[in-house]
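The chain below stands alone and is given in C-alpha cells; this is the form predicted alone.
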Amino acid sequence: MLVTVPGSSSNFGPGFDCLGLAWKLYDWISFEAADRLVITGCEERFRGPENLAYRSFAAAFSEKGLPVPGVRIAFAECSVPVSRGLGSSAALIAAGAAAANDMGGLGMTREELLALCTRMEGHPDNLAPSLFGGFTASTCEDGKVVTVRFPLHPSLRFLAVIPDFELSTALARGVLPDTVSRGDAVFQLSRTALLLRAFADGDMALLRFAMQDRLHQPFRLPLIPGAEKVFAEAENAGAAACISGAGSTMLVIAGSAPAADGLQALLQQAFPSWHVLPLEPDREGLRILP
C-alpha cells in the first residue's frame, strides 16, 4: 500500500502545542509485507528499527497485543523537510500507525490512531492535522485526545520561509521557561481566541494583533538568524508572521495572492539560499492508496 501524509505547521504564535494546520506538502511512503524489516529510500542512519514510521507501525501491533510482522518500508517521495518545524516526525508517525492498522486489520479509528501516535510524539498539535487535515485545535488528558477543526477564510495565502539550516526541537524546547506569569497566561488565552476568529474571517488587522505570543517565540527567535528580518518584512507589507512549530521555518500569512506574491519575491531576494515556498492548506489528511 502507499500512504500519503501531509506536513503541517503548529502553534501560529499564541496557540502553543495546540493549533495545527495541514499543508499540501506530502510524504509518500509504501508498506509491503516482508519476512523482515527492510527500509529504503532514506538516509542510511534512518534504515533501522528506530525509524519513526517503523516505530509507530510496531506500536500499533503492540497496542493490540499482536506480534509485529516483517515489513518493507520504502520512502518514495518526501517533500516535508526534516527538522524545519513542518511536522516531519508527526507525518512519519501517523503514516506508520495508519499503515499497520490497514495491513493488520487492527480496526482502530482515526481517533484511536491519534491517541496512539500522541503517546509517541508527546503532543497532538501536528498529528491531528496530518491525520484529519485542515486547521485543528487539539489537547490530551489521561490518554484521551480531543481535536476539533476550525474554518479558514479562502482569501488567506501562506508562505513557508525555510532557512538552509535545521533547528533541533530539543534545543528549541530547552530555551523555554518552566513557568509563566498570570499576565502572560491571560495574554495567550486572549490572543488565541482572537486568532481563531481572524482565520475564519480573513481579518488581517486582527490576525496581526492576535499572532502575538509570549510563551515561545521571544525565546526561539534568537536561535534563527534572519528571523527578525522576516517578521519585519511581513509587518511592513501588512502581513503576519510566526515561527512554524519549533522552527527553523517561519510562516508568513498574507491577505491576498498579490500580497503573497510580492512578499515571496522580496523574501527570496533577501535570503537567496533559503527556500520561500507557497503553501496551500490540505483538508483531507492522511490517505491510504491501494
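For clarity, every value in this text was computed on a predicted model and none was experimentally measured. Start at 1 with the first residue shown and count on from there.
Same protein, other form: the form predicted in complex with a small molecule, not shown, and the subject of what follows.
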Checklist entry - Though only this chain appears here, would residue 214 touch the small molecule in the predicted complex if you measure heavy atom gaps against 4.5 Å? => result no
Item to check | Contact flag, residue 126 vs the small molecule in the predicted complex, heavy atom cut 4.5 Å | outcome: yes
Next on the checklist: Although the partner isn't part of this model, could you tell me whether residue 173 comes within 4.5 Å of the small molecule in the predicted complex, counting any heavy atom of the residue?
Outcome noted: yes
Next on the checklist: Residue-level question: is residue 169 within 4.5 Å of the small molecule in the predicted complex, judged on heavy atoms?
Outcome noted: yes
Next on the checklist: Which is the contacting stretch out of 203 to 211, 117 to 125, 143 to 151, 100 to 108, given heavy atoms within 4.5 Å of the small molecule in the predicted complex?
Outcome noted: 117 to 125
Checklist outcome for this item: Residue within 4.5 Å of the small molecule in the predicted complex by heavy atom, from 234, 251, 246, 53, is 246
